[in-house]
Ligand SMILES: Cc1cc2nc3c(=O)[nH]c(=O)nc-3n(C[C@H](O)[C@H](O)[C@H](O)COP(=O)(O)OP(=O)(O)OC[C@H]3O[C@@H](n4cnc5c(N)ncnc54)[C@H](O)[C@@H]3O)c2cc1C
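First, one chain by itself in structure tokens, the form predicted on its own.
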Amino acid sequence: MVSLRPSRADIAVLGGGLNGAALVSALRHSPYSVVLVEPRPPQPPREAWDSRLFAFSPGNVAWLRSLQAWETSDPDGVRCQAVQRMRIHGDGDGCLDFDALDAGLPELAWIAENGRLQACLWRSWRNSPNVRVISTMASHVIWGGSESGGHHLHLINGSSLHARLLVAADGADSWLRQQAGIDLDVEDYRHIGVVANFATERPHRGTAFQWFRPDGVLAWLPLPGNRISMVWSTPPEHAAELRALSPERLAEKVAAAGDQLLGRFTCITPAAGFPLKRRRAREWVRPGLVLLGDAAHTVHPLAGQGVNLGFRDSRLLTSLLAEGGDPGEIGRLTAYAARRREDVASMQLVTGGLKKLFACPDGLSLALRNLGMNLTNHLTPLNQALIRHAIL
């Protein structure tokens, strides 16, 4: 499956994380030859819980199932928990409830670990003759002209690859995007996302909780059994305080911040943190080049939609490439970018706007935002419209 000196491919995907791996999996039955360039293959699944977990929309989970990547019966497969209900608390008396049963849905979302899903995606193309993996890093790109039919990717092992389409799926700090000289529009939220996992005294019953607090946004995401994953979006000073706590003190603080709704907590993974920024590339496509997922855009995690936007990128790109022909043809790539920009822009507007709205300390803003939450909670059509968008 690994080739040290490949020479040509229809599509080269840089980055084997969730988005890149999902795209490769979706293309494994396509007429294209596909090369994945990823120097760090996923590690074998461990029994210990992954500190990186994501919320996945039902639409994306259905797509992953169609790729045979959402494997839950295999001991090394995905460990996941359905979210049946979401309860969102404002910083006053505001509250929003989303219930799958009320919306006529089996679930609102799924929570699963990054590492195990990535491993499942890699296994899904294991016997695909049109997929190759290069376990080395790229060194530079020689860009072809608009009529050249592709670009030359040079690798640090001395080999090179000519591809008709290069896909940047290598994350928010994308090397390939930088090689292309594509600029980013960046808004620093001046928050750190602190994550950790906990065992809980009481069952969560498939409920996800979120609190808008003076010190940021706290979320509890349900995991299998009496466990939750925490994401606390908070200013850097408070993030540093949280990460400096002992596991016992961190568990006490997180349980208290949620009014002890699930009783006592026990920390099962150490706290980690990552800076939160809104990013949007100024160009998403060029002839023979497309930016995918975090390489093109990132959003605030308060809605849990970052990885879902990336998967919707992969879903659309796969469907457009299914038409056959030159995968790097700019007309098709431009159509892809135009269709994806609206979805991404609206999610960036909503998540960024909510973050700013709840950062306003004055009493009038506090009263209005909590009133708005309560009104939305009682307007069933609006409430269900929000659910319908989130499950795509």
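Note that residue numbering begins at 1 and tracks the sequence as displayed. Please read all numbers here as calculations on a predicted model, not as lab measurements.
One more form of this protein, predicted together with the ligand, exists but is not displayed; see below.
Asks: Name the residue from Met137, Leu261, Ala240, Cys95 that puts a heavy atom within 4.5 Å of the ligand in the model of the complex.
Replies: Exactly one residue meets the criterion: Met137.
Asks: I need to confirm a contact call. Of Ala69, Ala55, Val61, Val34, which residue comes within 4.5 Å of the ligand in the model of the complex, counting heavy atoms only?
Replies: None of the others qualify; the residue that does is Ala55.
Asks: Looking at the partner-bound form in the model of the complex, is Asn19 within 4.5 Å of the ligand by any heavy atom?
Replies: Asn19 belongs to the contact set for the ligand.
Asks: Is Leu14 close to the ligand in the model of the complex, meaning a heavy atom pair under 4.5 Å apart or at it?
Replies: Yes.
Asks: State yes or no: in the model of the complex, is some non-hydrogen atom of Ala169 no more than 4.5 angstroms from a non-hydrogen atom of the ligand?
Replies: Result yes; Ala169 sits at the interface with the ligand in the model of the complex.
Asks: Taking any heavy atom pair closer than or equal to 4.5 Å as contact, tell me whether Tyr189 reaches the ligand in the model of the complex.
Replies: No, Tyr189 stays farther than 4.5 Å from the ligand in the model of the complex.
Asks: Name the stretch, out of 321-329, 34-42, 61-69, 335-343, where some heavy atom lies within 4.5 Å of the ligand in the model of the complex.
Replies: Every other range fails; the passing one is 34-42.
Asks: Let me know which residues along 194-210 have a heavy atom within 4.5 Å of the ligand in the model of the complex, or say none if there are none.
Replies: The stretch touches the partner through Val195 alone.
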